[in-house]
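Only one chain is given next, in structure tokens, and it is the form predicted on its own.
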């Protein structure tokens, strides 16, 4: 005959074991999702590191969540680049021409391309989301290419936005 204490202890142990195994299974599933998704992008390491850096990444249940995380990361990088170029417009008047062109590009990225991608992915219209990410990458590349007579002071920012947006386009493409 089993004593109530032993029965309660056994039940508690079984419950804890089931909880821990389901938690690690969920974590393994998210890790597998991230790995599988990122293998289909142009920069596996950038994709994995970006998704794992966001608390939602390791808990993601689907590619749509991963795509939204990447879009958020592109927005953060583009916002930083835009702030940097605004500062440079005040401190580097000799770069006014290319910096104004960059400001126009980043304004489009932040007010049109990224919102288009967010809305499209959230609404289940992946094609327009991919277009928004491609437009973001193109805008950053155009900014960089505008510095023909002088070295760009925004190279790191432009490469970061362009690379992450290309990853975003590849992730979103998997939703189609």
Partner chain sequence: MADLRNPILPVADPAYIPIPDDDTTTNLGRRFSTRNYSNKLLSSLFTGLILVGLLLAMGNKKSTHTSIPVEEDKILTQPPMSRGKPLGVSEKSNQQLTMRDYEWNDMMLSWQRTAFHFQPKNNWMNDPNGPLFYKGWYHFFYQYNPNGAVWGDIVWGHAVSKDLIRWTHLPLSMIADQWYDVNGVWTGSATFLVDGKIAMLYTGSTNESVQVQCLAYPANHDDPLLLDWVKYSGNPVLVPPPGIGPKDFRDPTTAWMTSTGKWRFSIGSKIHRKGIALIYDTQDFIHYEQLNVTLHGVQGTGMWECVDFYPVSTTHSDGLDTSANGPDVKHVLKASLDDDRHDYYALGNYQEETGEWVPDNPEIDVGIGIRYDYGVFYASKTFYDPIKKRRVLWGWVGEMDSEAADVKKGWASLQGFPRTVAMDTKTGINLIQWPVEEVESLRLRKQEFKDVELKPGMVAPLDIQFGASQLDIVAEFELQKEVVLNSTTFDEEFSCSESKGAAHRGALGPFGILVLSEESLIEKTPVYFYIVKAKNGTLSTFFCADQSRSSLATDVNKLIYGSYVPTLEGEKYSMRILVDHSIVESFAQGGRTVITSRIYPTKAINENAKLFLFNNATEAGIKTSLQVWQMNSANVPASKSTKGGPKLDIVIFFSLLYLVLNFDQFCDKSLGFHF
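Only a predicted model underlies this, so the values are computations on that prediction, with no experimental measurement involved. Residue numbers count along the first chain shown, from 1.
The discussion below concerns the form predicted in complex with the partner chain, not included here.
Novice: I'd like to know if residue 55 sits close to the partner chain in the predicted bound form, meaning any non-hydrogen atom pair within 4.5 angstroms.
Specialist: Flag for residue 55 set to no.
Novice: Since only the chain is shown here, I'm wondering whether residue 127 would be in contact with the partner chain in the predicted bound form (any heavy atom pair within 4.5 Å).
Specialist: So residue 127 counts as contacting the partner chain.
Novice: Even though the partner chain is not shown here, does residue 110 get within 4.5 Å of it in the predicted bound form, heavy atoms only?
Specialist: Although the partner chain is absent here, residue 110 would stay clear of it in the predicted bound form, with no heavy atoms inside 4.5 Å.
Novice: Tell me, yes or no, whether residue 138 is in contact with the partner chain in the predicted bound form, where a contact means a heavy atom of each within 4.5 Å.
Specialist: Close contact exists here: in the predicted bound form, residue 138 approaches the partner chain to within 4.5 Å, heavy atoms only.
Novice: In the predicted bound form, which residues of 158 to 176 put a heavy atom within 4.5 Å of the partner chain?
Specialist: Heavy-atom contacts to the partner chain in the predicted bound form: 166, 170, 173, 175, 176.
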